[in-house]
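Okay, so here's just one chain, in structure tokens, the form predicted alone.
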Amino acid sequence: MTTIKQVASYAGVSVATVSRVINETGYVHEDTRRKVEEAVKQLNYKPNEVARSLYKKKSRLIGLLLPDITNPYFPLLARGVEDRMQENDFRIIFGNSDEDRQKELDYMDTFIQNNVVGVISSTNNPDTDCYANLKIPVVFLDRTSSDSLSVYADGTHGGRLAAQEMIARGSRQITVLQGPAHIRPAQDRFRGAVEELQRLNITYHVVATTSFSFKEAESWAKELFSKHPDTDGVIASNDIVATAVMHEAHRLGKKIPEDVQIIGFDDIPLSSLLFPPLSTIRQPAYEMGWEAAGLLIQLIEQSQAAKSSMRQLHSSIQLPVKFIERETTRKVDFHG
């Protein structure tokens, strides 16, 4: 890795001169500036962003906190954030909380220690003092806060869509996998599905789940068919759980979609590669990350004089969801 001393030697100037050019502080003759810039380019020198931000009192670092990087949905969110931040010359410090409160607090401390100028957080605890006491802008992503700047998908409508599509294709003994009680989007989609089933007077059962993890999904799938063997339609809490339900249905000799239809939620890349490919409700994860980054950039780039106008920004951005028809649901000519 190239050092600032090597840049100085290559340009034939002092380290202090290189520092003034990089940090845009103090006078440097134009010819000397060009020599230093050429040396930086030729040696591919990358300044230490943290040290540079502390020196200049100006940072281009933001913190991104996600709850579970093993879930393929969250890298899609992260990619949307990263692409837009990179376009605007920001860099990301990433944290994975594993749905653990203490890890989340530790990462927030790390972000602050590294002089980030803003945070994007997908947290289950948006209303805690951890965020309320921050002196920097925060945007909540996916898991929303009613009184804070947020970007999320319309989970309630997604649940309704799943129920409507399941019923339009003939299922009448439906089981809904509820999803973790502490995760608001899971409860939004569960509520939407149940409200629609009740409105249409359709028999349904509920299986409560406590996480979206690969590990536990298999046991919930077994519980579902053990308790409700006549189930002919499953609305899963996400695509991971839907995959486990598919595996269990295959194990029991049930044909998909003839005996049991299955609809997931998220539309992770794996969904289209399963056999049969999974019908699901698509959340626009990449677009959500992109929008969250744009919202945070707006906040960061407002001048001190304009800070009072922050409250005029929309408190949330809700993006639409849609049904993706694949082969775990039957075909219909029209929707009822």
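For the two forms, the rigid core is made up of the largest set of C-alpha atoms that agree within 1.5 Å on superposition. A quick note: this is a predicted structure, and the numbers were derived from the prediction, not measured. Position 1 is the first residue in the sequence shown; the rest follow in order.
This next part talks about the form predicted in complex with another copy of the chain, which is not shown.
S.K.: Please run the contact check for residue 109 against another copy of the chain in the predicted bound form: heavy atoms, 4.5 angstroms, yes or no?
M.R.: Although another copy of the chain is absent here, residue 109 would touch it in the predicted bound form, with heavy atoms inside 4.5 Å.
S.K.: State yes or no: in the predicted bound form, is some non-hydrogen atom of residue 40 no more than 4.5 angstroms from a non-hydrogen atom of another copy of the chain?
M.R.: No.
S.K.: With a cut-off of 4.5 Å between heavy atoms, is residue 150 one of the residues that contacts another copy of the chain in the predicted bound form?
M.R.: Result no; residue 150 lies far from another copy of the chain in the predicted bound form.
S.K.: If we define contact as a non-hydrogen atom of the residue within 4.5 angstroms of the partner, is residue 302 a contact of another copy of the chain in the predicted bound form?
M.R.: Outside the cut-off, so no.
S.K.: Tell me, please, which stretch of 153 to 161, 77 to 85, 202 to 210, 186 to 194 lies within 4.5 angstroms of another copy of the chain in the predicted bound form when heavy atoms are compared?
M.R.: Contact criterion met by 77 to 85 only.
S.K.: Taking another copy of the chain in the predicted bound form, would 6, 125 and 181 all count as contacting it (heavy atom within 4.5 Å)?
M.R.: Not one of the three qualifies.
S.K.: Among the candidate residues 103, 228, 222, 254, which is the single one with a non-hydrogen atom no more than 4.5 Å from another copy of the chain in the predicted bound form?
M.R.: Looking at 103, 228, 222, 254 one by one, just 103 meets the 4.5 Å heavy-atom criterion.
S.K.: Of 261, 243, 144, 175, which one comes within 4.5 Å of another copy of the chain in the predicted bound form, counting heavy atoms only?
M.R.: The residue from 261, 243, 144, 175 that makes the contact is 243.
S.K.: In sequence order, which positions of 89 to 107 have a non-hydrogen atom within 4.5 Å of another copy of the chain in the predicted bound form?
M.R.: The stretch touches the partner through 91, 92, 93, 94, 95, 96, 98, 101, 102, 103, 105, 106, 107.
S.K.: I want to check residue 288: does it shift between the shown form and the other one by 2 Å or more at the Cα, with the core superposed?
M.R.: Stays below the 2 Å threshold, so no.
S.K.: Given a superposition on the rigid core, I'd like a yes or no on whether residue 324 shifts its C-alpha by 2 Å or more between the shown form and the other one.
M.R.: No, the C-alpha position differs by under 2 Å between the shown form and the other one.
S.K.: Does residue 272 move its CA by 2 angstroms or more between the shown form and the other one when the core is aligned?
M.R.: Residue 272: C-alpha displaced by less than 2 Å between the shown form and the other one.
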